[in-house]
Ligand code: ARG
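In the block that follows, a single chain appears as structure tokens, in the form predicted on its own.
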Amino acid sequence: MSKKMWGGRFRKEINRDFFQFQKSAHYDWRLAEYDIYHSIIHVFALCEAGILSASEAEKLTSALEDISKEVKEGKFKPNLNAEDIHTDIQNRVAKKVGKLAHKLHTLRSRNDQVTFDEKWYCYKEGVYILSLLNQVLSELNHWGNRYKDIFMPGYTHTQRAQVVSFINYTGAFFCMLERDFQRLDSFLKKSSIYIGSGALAGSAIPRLAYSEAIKKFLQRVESYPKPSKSEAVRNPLDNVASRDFLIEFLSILAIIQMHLSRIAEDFILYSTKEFAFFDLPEEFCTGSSLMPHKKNPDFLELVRGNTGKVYGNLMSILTTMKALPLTYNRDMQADKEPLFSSVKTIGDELKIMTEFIKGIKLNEQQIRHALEDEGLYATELVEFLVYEGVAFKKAHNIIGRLIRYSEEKNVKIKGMSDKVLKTFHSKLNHGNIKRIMNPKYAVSSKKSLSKGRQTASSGLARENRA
């Protein structure tokens, strides 16, 4: 077992099985970068408070920045025998500066550290996910404009309903993910990180020392992604006891996952032989070990399948936090693995989805064939009669009978004579039927829609927080 940051009160060594059970270094090493930030700020605060000399502070800061460089360059190898990442960082500093490291943890608690670390982790990963969302939005926009003159059947209840433009179809998913972008952007803008809670009651270090330390840190590391608000703690009990920031973050990720799953389901459905509207890119599909002809949409199915995991991660933390007494409890160690799991899942999916959408091709011939279904234009025929002065209920009934007649007689409405059409209504004739029952008319007749093309909103061109 590695050196611990506690133990003076105990006579017996910790049980080995229990040590393995309770340690977290094998997953919370992902917080190393942010734990170092906390330590640097704390060193500055100790120096401001006169507890550390300027030379001691510089030695500790230099050691911490050396470790930080290893993390950023991907050279950091976590000690999986350490109790947690806080202990691992402490021990590494000790190897560099010797007994001076005993002063690093002066007047602070891991309770304060872990909240700080997780908040900064959520912020930085949120910035990354925001950039990936922007890429998917951009690709949806390009895809829609690539086929801007294509029309396709729209569905309700998984039944053909009305004709829609393809750009309006892709625009629906664009709108969903744009709202996700806005939710995440709002979360990041209000992100606040505090320091100085101690274990729960605050710290003996003056508030002004923490404030000055934070300023000094932010000036020294201007290139770091920084939350909008970093300051001395407002309420230490709340700070170490609360994980609502994490729950909100996972809620946003769960909504993103829900939208990705819906996208995946549509793409799967429209790529089946029964629809054959979409041809999916082979490089994101797999075959069958038995059936030579198969081209399985595995990426999309995995996205759909991951939804249970991402929802479960959110529910896991909500359940963990339910009815916990103030303030910090060890139950809260269970918040990290669900967080890391959802962040990785969403990040991987968004990254691949951008490339996936680029490779989807439309089977235009198959789509045109589907648009020959005359039922798709029934609503437009009703609308025509309404503008001719027919009451909507009566118009609805007239066209309903016309559709039934077509099905029973097995004859196309477009093929009916004017004489037959006029038995349903005097304004129905071959010329009007031919004009109304085509995709371009059906889409252009919707006057409530904006005439502008679907484009990425101006809000998506964000400043580069990373």
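The first residue of the sequence shown is number 1, and the count goes up from there. The structure presented is a predicted model; accordingly, all values stated were derived computationally and were not measured.
Another form, the form predicted together with ligand ARG, is not on view; read the next lines as being about it.
- With a 4.5 Å cutoff on heavy atoms, H86 counts as touching ligand ARG in the predicted complex.
- Within 4.5 Å of some heavy atom of ligand ARG in the predicted complex lies at least one heavy atom of S24.
- Proximity of Y377 to ligand ARG in the predicted complex falls outside the 4.5 Å heavy atom cutoff.
- Among heavy atoms of N91, none comes within 4.5 Å of ligand ARG in the predicted complex.
- Between the options Y328, F267, F181, F116, the residue in contact with ligand ARG in the predicted complex by a heavy atom within 4.5 angstroms is Y328.
- For the residues T106, S341, S271, Q333, the 4.5 Å heavy atom test against ligand ARG in the predicted complex is passed only by Q333.
- Partner contacts here mean any heavy atom within 4.5 Å of ligand ARG in the predicted complex, and among 107 to 115, 391 to 399, 167 to 175, 209 to 217 they occur only in 107 to 115.
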